[in-house]
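So this one's two forms of a single chain, laid out as structure tokens and tagged structure 1 and structure 2.
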Structure 1
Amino acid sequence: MEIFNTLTGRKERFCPRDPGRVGMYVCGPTTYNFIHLGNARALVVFDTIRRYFLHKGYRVLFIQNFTDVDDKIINRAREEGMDPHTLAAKYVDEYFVDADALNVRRADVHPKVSDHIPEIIALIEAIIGRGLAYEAGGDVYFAVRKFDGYGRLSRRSLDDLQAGARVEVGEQKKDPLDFALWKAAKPGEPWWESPWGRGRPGWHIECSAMAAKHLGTNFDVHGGGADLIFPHHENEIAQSEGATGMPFARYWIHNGFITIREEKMSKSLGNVFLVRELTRLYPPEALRLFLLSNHYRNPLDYDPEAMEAAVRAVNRLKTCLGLLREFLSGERSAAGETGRGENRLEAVLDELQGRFEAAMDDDFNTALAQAVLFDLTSEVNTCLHQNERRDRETLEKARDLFDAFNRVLGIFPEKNGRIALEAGALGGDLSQGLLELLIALRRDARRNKDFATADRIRDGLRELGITLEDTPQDVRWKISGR
């Protein structure tokens, strides 16, 4: 397995700190609002990476924090007339509603800033003890110029950083490049006692403290969105390595931005989409499929047409899975010859599995992995709809391969390791019986020369992933895209 490491700027063979084990820390949301599409991409990407490590047989300890102490939370709480801790707790709960909808598994630990104040204070004291931080009027600042190698993650020089640096009103830092580890309390803000007086942590120190507590030093994977490379992750490295003198994380993984019609998503442009809104418009499975449709390091452009394509793709998967389940349950066993025998599907299953793993081994290329999933769909559809020999054992292997691919990509919910679809599901909400009823109604409409109704049924089924073909004998149907 090779992973692109932001720290070195190249793909590297994955070698964990402890053989057979993977420690992952991924930056979670600041809990002052519902999560948006950009947040969702990071959640789904790193959930999928975690799933693939598990698929490869690793034991994974996955940590994802909640930032529940922050300026944004304080300001939002003030606007809404709420206690900041109450506001943060509300949006932690709302986060899980959206994450569950996207089939994102819970982290092994979801640490919160407010629960780790002693660890944060101890880490700041260690940094001060090594001469890399100083106290000024109740604030504590990290002295950036005293840490060798600052800027190596983001590839920025101190001279470049100096040009854009400034000291905000009320700050007492010695150098514009320095950043806050601890902030003195202001009226109406949450605070904790510390050696420097009442105050609260700066933004960056929290992740250094929580990662160290739960994963130790030199853990395997640190992840987050590309917007966190600077200053957040750059500062984490400085703090953590400054305090311990040891490497912080071995592999730094960052997902690319979401764009909206090729413009960066941002609140200032008014083009931010909340996951809560999108899952009312589209099936969550389609949203997850869309979020994995491009390589995680590349930008991903959102537009309604792309989402409609994802909906059709999910319906195609559901149609195939429904037919496969019906065949294996015996409901369609009379539709063709069964038994042992050579067929194309049996010949390609191992190849498909190899291609899927090769795609994921190459820096978690979910776009190629999805292509393999749809190739499997095509092969199963061919086997089920053409007059080739249907071997139950081979079709069971195909079902197992669907399940294995889904355990990695997480498109559909799972139950006992298998894809969990509603009984009789075919092409979304269609069942086999409903499909036959619609075909019969269309046949009657054509007989009565009601071609508008007949065309409406045909076009509606096409949108759901099913194509009707009129023949001299009767109507045939097949999966769209074949």
Structure 2
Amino acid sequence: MEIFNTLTGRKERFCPRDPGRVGMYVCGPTTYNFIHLGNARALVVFDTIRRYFLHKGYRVLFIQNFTDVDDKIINRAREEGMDPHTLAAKYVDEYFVDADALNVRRADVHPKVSDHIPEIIALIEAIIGRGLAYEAGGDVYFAVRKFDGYGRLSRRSLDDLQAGARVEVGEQKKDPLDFALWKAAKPGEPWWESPWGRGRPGWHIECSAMAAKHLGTNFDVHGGGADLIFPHHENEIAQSEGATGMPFARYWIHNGFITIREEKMSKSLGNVFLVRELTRLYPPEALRLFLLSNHYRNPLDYDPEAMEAAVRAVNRLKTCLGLLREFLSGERSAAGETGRGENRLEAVLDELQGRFEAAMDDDFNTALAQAVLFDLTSEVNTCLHQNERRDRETLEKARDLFDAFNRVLGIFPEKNGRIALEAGALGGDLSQGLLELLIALRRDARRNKDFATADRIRDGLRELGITLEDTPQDVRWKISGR
């Protein structure tokens, strides 16, 4: 298994700190708003990486924090006339609504800054103890020039950084490159008691403290969006390695941005798409498929046409899955006797599994892995529709492979590790009964060659979002659209 490591700028063979185990820390959202598509990409990418480690048999400890103490939260709370803590708690809840929709699994631990103030203070004291930080007027700053190797992750020299560095009003840095570990409380801001007076943590320190608490030093994977490389992750390294003298994390993984019409999605450009809006427009399966449709390090351009293509692609998968289920449940012909000729599917399943793993082993190439999923779909469709020999055992193996791929890619909701497609139930027995009545009427009309009536029923139902498909045996219906 090879992973591109931002720290070295190369793909490297993955070798965990402790054999058979993986410790991962991923920077989670600052909870001051609903999450947007960019957040969603990071979530889905790292959820998929985690799932793949699990697939490979590793025991994974996955930590994703919530930054619930931050300037943005304080400002937003002030605007809304809310208490910052209440506001942050609200958006933690809203985060889970969106993450669940995208089939992102819960982390093993979701630590919050507000629950780790003692750890943060202890870490700052350790850094001061090593002579790498100083107190100034109730603030504490990290002295960047005293830490050897600053800039290694982002490949920047101190001189390059010097040019862009600035000092905000009221800051008491000795050097413009220094950054705050602790900020003295201003009136009306949340605060905690500390050796430097009342205040709150700076932006970067919480991740160092929480990662150390839950994963120790030299843990395996640290991830986040590419915009976190500098300064956030660079500063985390400086703090953590400065405090302990030990390596912080072994593999640094960063996902690329979402762009909107080739431009970065950002608040200042006003082109931010919230997951909450998008899940109203598209099935979440399509959103997840889209988010994994190119390599995680490349930019991904959001575009309604691409989303429509993803919706259709998901329907293709769903149709195949539904057909497979029908055969296996015995609803459709006795699987086992039908067909003749070669059993091609049987022969090809192992190869597909091998290709899938090879794709994911190569720096989590989900685009290629998806291609294998579609190849599996084609093979199953051919087997089921053409007059090929097929048997229950092979079809079960094919279904197991679908389930295995989905346990990694997470496109469809799961139950006990298997794909769980909602049965397409209508709201209530009345609707269900009415639909069945209409289908029966249409069947009679077709028998009487009254195709005008038959088509009127089918077209009318389509308008209502129900698609009918005539098959030799019966009529199949499904809820289309969204």
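By rigid core we mean the largest C-alpha set that fits within 1.5 Å across both forms. Note that the structure is a prediction, hence the values are computed from the model and not measured. Reference numbering: structure 1, starting with residue 1.
**Student:** Just to confirm, one of these is the form predicted together with the RNA and one is not; which one is it?
**Tutor:** The chain shown second - structure 2 - is the form that fits the description.
**Student:** With the core lined up, does the C-alpha of E414 move 2 Å or more between the two structures?
**Tutor:** False for E414: its C-alpha shift is below 2 Å.
**Student:** On a core-based superposition, does I457 travel 2 Å or more at its Cα between the two structures?
**Tutor:** Shift at I457: 2 Å or more after core fit.
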